[in-house]
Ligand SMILES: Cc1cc2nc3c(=O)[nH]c(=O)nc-3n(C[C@H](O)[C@H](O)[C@H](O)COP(=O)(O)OP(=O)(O)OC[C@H]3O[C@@H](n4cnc5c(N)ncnc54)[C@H](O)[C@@H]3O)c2cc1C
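Just the one chain here, laid out as structure tokens, in the form predicted alone.
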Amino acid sequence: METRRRVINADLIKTLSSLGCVILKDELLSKHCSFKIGGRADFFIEIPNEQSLLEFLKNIEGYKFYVLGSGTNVLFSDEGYRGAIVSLAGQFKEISVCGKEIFCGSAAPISNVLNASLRYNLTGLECAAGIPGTVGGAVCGNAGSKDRWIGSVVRNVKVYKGLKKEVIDKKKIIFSYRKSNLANCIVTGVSFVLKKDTKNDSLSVVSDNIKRRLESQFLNAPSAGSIFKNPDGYSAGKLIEEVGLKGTYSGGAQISKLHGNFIINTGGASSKDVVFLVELVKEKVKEKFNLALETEIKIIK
């Protein structure tokens, strides 16, 4: 892995600061993810609006960077990140409602968007109940419940492809299980089209979804949610249980005793501990069931 520091031009730092960006050097990444694991990034940059985002993109060519949501589905390396971690903030967290449509920035917490839909008696986002993270991450990863995904209520998505700003209509977005074709874009905003909740049952559906998540997921220790995608026709958690790995430790990391598809940080876990368990699970499931598990979390190096 490259260990040499990549230095952002001092003039760019000055320009971005004048546009409201917060720029932190040697920022500890364990502070910015739900796993509470990770070394230091050369730079951590909070970008509050499109003007400063465009300025950043115009001047960052050849420099390694990663756009981070709320860090609920990532694992950072113990060695940190030789580049800039970018966090969208400010304008990108705004939410507005017009009729049956909700407009929101990609950094808006998905829970806040769900609450806005309930407040305006709109239905369609109940599948996001209990899901942590931001709108951008949820849409890119097509988050949802086992029988409904967030992509089903997307109208369009605002993105940057390089320096080009685009609005991508849903017809051009490919949504499938836990993924989309938006991976190579920087998502800045999303428009959802919902329906009026004429039966007034959205709140009860939300409550039921949250209850199911609380019953099946371990939430009392740092984790990144589901580690693996469910293979077609199978439950990753049940496969992991059947190969006898629930409760298995590696250093400070443990495969949850409650749900086999969760790895938790019991205290002081390293990314190496987590990766060891990830590879162990893949090996044992492949050996017994001839199935190749695919990780749902993103491992950032």
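For every residue, the number given is its place in the sequence shown, counted from 1. Quick caveat, the model's predicted, so the values are computed rather than measured.
Beyond what is shown, the protein has a form predicted in complex with the named molecule; the following relates to that form.
- A single residue from the set 118, 173, 185, 89 has any heavy atom within 4.5 angstroms of the named molecule in the predicted bound form; that residue is 185.
- Scanning 255, 269, 239, 68 against the named molecule in the predicted bound form with a 4.5 Å heavy atom cut-off leaves one residue, 68.
- Here the marked residues 124, 151 and 202 all miss the named molecule in the predicted bound form; none has a heavy atom within 4.5 angstroms.
- At the 4.5 Å threshold, heavy atoms of residue 80 stay clear of the named molecule in the predicted bound form, well away from it.
- Contact check for residue 206: every heavy atom lies farther than 4.5 Å from the named molecule in the predicted bound form.
- Contact annotation for residue 72: at least one heavy atom lies within 4.5 Å of the named molecule in the predicted bound form.
- At a distance threshold of 4.5 angstroms between non-hydrogen atoms, residue 298 is in contact with the named molecule in the predicted bound form.
- Note on the interface: of 60-68, 242-250, 23-31, 271-279, the segment with non-hydrogen atoms within 4.5 angstroms of the named molecule in the predicted bound form is 60-68.
- Residues are counted as partner-facing when one of their heavy atoms sits within 4.5 Å of the named molecule in the predicted bound form; in 121-147 these are 131, 132, 133, 134, 136, 137, 138, 140, 143, 144, in sequence order.
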